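Next up: a single chain in structure tokens, the form predicted on its own.
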Amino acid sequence: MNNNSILWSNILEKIKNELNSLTFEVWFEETELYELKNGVAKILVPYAFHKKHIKENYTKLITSCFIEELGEPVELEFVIQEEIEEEEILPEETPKNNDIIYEEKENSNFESNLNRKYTFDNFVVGNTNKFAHAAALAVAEKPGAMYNPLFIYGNSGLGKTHLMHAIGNYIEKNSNKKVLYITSETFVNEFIEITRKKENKSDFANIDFFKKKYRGIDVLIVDDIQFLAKKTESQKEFFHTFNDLYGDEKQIIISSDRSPNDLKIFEDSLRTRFNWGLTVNIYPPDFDLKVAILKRRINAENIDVPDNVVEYMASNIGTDIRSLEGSLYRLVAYSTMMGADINLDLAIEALKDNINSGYSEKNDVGRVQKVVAEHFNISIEDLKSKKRNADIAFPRQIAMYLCRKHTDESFPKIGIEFGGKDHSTVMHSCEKIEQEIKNNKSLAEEIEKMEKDLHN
């Protein structure tokens, strides 16, 4: 261990003593002291997102720890791996305000609709949801001040609702802010009911109550916003609600099954507002995350399930968490009915109707990685690592290029499969290899050979 590693290890120990375990794990566990030179400490962090959050929230703490260790202050600089490699990084969103003081409000007799079982503590984090989890925690720690709105999107059953409730529960636990969780369907139904009463010239107390309910809160969490599509009048009312809350620097959190830009049926003015803050995607769980989810559920239910059964389920069951957990319950029920212990043969029989036909964890990206690794006589782990030496970095760029060319995966998804690389890194790699092929006939022939191996 070099001097920088020892110094940073000591500093991390001090930081750990000042923070709760969840906060430390999310923001500091994957950091390292890259360089200490001329009074400047260059700290390597996993994502650009971490740079912003750590700088704005923990600079004072880190600086004081350096003073304790070195006896003098240092200037802090936060960098990500791609910046060290001099690769292009896209600019981050800038929040409207960084230092906002909120007035405390009473929450008595107010129903938040939050499900108390969904917390950050029981959300299983992996490569495919790590960024969304970190974003959610950042918003929970400083609602209205960090990323507003926070727009979370992804397919059904991947954990969007869990994260939204976790944000709300965290805020309620650590402040007196009013939090309201609703589905877009609830918003529409309540608005329609109020509109009918207004047309019938009923008293307007209900209209005032509706507006106060949605605009007199500190945090509004709206699940499945896509169901607001084609509801023109409801969209207009939500537009006004959004404007009022945003103007008062109140936090808005929205989920959808698609990105804001793909909500084509929505009014342009509303879709534009969805993009004002931070948009994060939750991807289907990879093999490791599915194993972790299954093991947490197994431990919680105190079930005896062998590791080979867990691995079989993670490799062959579904692409969402609900299917995975549902298959586990089916397996337990089948075991009980048959009066037999759970083993691999029983699992294969019990889950034969749940297995995705032709599905395998060895996906197209995995095949590309295997072919490239064998061609360059390196390991797949090397391709996924943070190693930057040329004999690893160049094959990694080729592998990313081939993944983009021969699979249907997006830039972000390919980045995840290569150890959590930023999507701009993947784009840079693809562009670089494309240019190299035009100018280097030998490389073009090498890549052509790898492409043939892919199809064998």
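Position 1 is the first residue in the sequence shown; the rest follow in order. All values derive from a computational prediction rather than experimental measurement.
Just so you know, the form predicted together with adenosine-5'-diphosphate (ADP) exists too; it's not on screen, but the next bit is about it.
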### Residue stretch of 369-377, 337-345, 261-269, 317-325 approaching adenosine-5'-diphosphate (ADP) in the model of the complex, non-hydrogen atom distance within 4.5 Å
317-325
### Message
Quick one: Ala140, Phe242 and Thr279 and adenosine-5'-diphosphate (ADP) in the model of the complex, is every residue within 4.5 Å by at least one heavy atom?
### Response
no
### Query
Counting only non-hydrogen atoms and a 4.5 angstroms cut-off, does Gln251 reach adenosine-5'-diphosphate (ADP) in the model of the complex?
no
### Query
Any chance Gly157 has a heavy atom within 4.5 Å of adenosine-5'-diphosphate (ADP) in the model of the complex?
yes
### Query
So in the model of the complex, does Tyr118 come within 4.5 Å of adenosine-5'-diphosphate (ADP), heavy atom to heavy atom?
yes
### Query
Closest heavy atom of Thr232 to adenosine-5'-diphosphate (ADP) in the model of the complex, within 4.5 Å or not?
no
### Task
Have a look at Ala350, Ile217, Val124, Ile298 for me and say which one sits with a heavy atom within 4.5 Å of adenosine-5'-diphosphate (ADP) in the model of the complex.
Val124
### Query
Among Ile293, Val79, Ile194, Val365, which has at least one heavy atom within 4.5 Å of adenosine-5'-diphosphate (ADP) in the model of the complex?
Ile293
### Query
How does the C-alpha distance between Glu25 and Glu325 change in the model of the complex compared with the present structure, closer or farther, given a change of 3 angstroms or more?
closer
### Query
Closer or farther: the CA pair Glu30/Leu158 in the model of the complex, versus this form, with a change of 3 Å or more?
closer
